[in-house]
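The chain that follows stands alone, in the form predicted alone, written as structure tokens.
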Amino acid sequence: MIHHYPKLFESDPVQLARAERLRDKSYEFTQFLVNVLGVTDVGASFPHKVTYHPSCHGTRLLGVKNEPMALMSNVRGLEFVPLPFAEDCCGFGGTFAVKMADISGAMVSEKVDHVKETEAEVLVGLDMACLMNIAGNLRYRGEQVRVMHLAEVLAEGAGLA
């Protein structure tokens, strides 16, 4: 939405203007809560040991860096454990996982090794593709780490899920 949607309408000025207006009011979830609404505490409680995977897309393309931490730091009972080499890709990225399956598999395996190092009960992220990829490798290995989107943690912790 943010980077590519308006390009679809470059030859139609009316549709381009509409696409740009939509882009200008589209936000990633945590950016909307923290930067637009000014909310960093939703009253959630989540008494679990948690680590966080910052996705390539969110971090590098959308600039999502501090917002997830601001929200998690206000969740009562949440014990945050930094993920070693957190900024490393999980290996899913678009068609990469299909075109370079062996490399992709090695990358997600390494990511899961680091998740296990944290001894976290829950891996949190913002990108559903990353979460699906990492969760699949965890399940394949028989690991019991729960994988959740940050919105799920906040909703469950606030009694909304």
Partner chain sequence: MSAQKGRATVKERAELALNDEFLVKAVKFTTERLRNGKKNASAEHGNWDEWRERGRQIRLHTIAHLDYYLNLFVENARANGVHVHFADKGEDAVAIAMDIAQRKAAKTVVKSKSMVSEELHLNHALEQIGVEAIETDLGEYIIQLAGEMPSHIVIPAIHKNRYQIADLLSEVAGEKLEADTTVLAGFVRKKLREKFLEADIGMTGCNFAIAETGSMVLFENEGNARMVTTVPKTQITLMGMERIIPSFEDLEVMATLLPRSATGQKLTMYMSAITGPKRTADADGPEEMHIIIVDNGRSLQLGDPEFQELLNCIRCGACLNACPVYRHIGGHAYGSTYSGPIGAVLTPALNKNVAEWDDIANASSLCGACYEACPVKIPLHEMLIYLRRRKVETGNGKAVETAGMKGFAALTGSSAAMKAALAIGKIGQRLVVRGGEIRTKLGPLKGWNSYRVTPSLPRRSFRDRWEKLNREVDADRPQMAPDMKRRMEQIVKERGKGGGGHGGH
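C-alpha atoms forming the largest set that superposes within 1.5 Å between two forms make up the rigid core. Model, not experiment: these values are computed from the prediction. Numbering follows the first chain given and starts at 1.
What comes next is about the form predicted together with the partner chain, which is not displayed.
Every member of the trio His57, Asp88 and Arg139 reaches the partner chain in the predicted complex with some non-hydrogen atom inside 4.5 Å. The partner chain in the predicted complex is not approached by Leu126, whose heavy atoms all lie more than 4.5 angstroms from it. Contact check for Thr40: every heavy atom lies farther than 4.5 Å from the partner chain in the predicted complex.
The partner chain is not drawn, but in the predicted complex it has a heavy atom within 4.5 Å of Glu110. The partner chain in the predicted complex comes within 4.5 Å of a heavy atom belonging to Asp24. When two forms of a protein are overlaid on their rigid core, residues whose CA moves 2 Å or more are considered shifted, and Asp24 is not one of them between this form and the one not shown.
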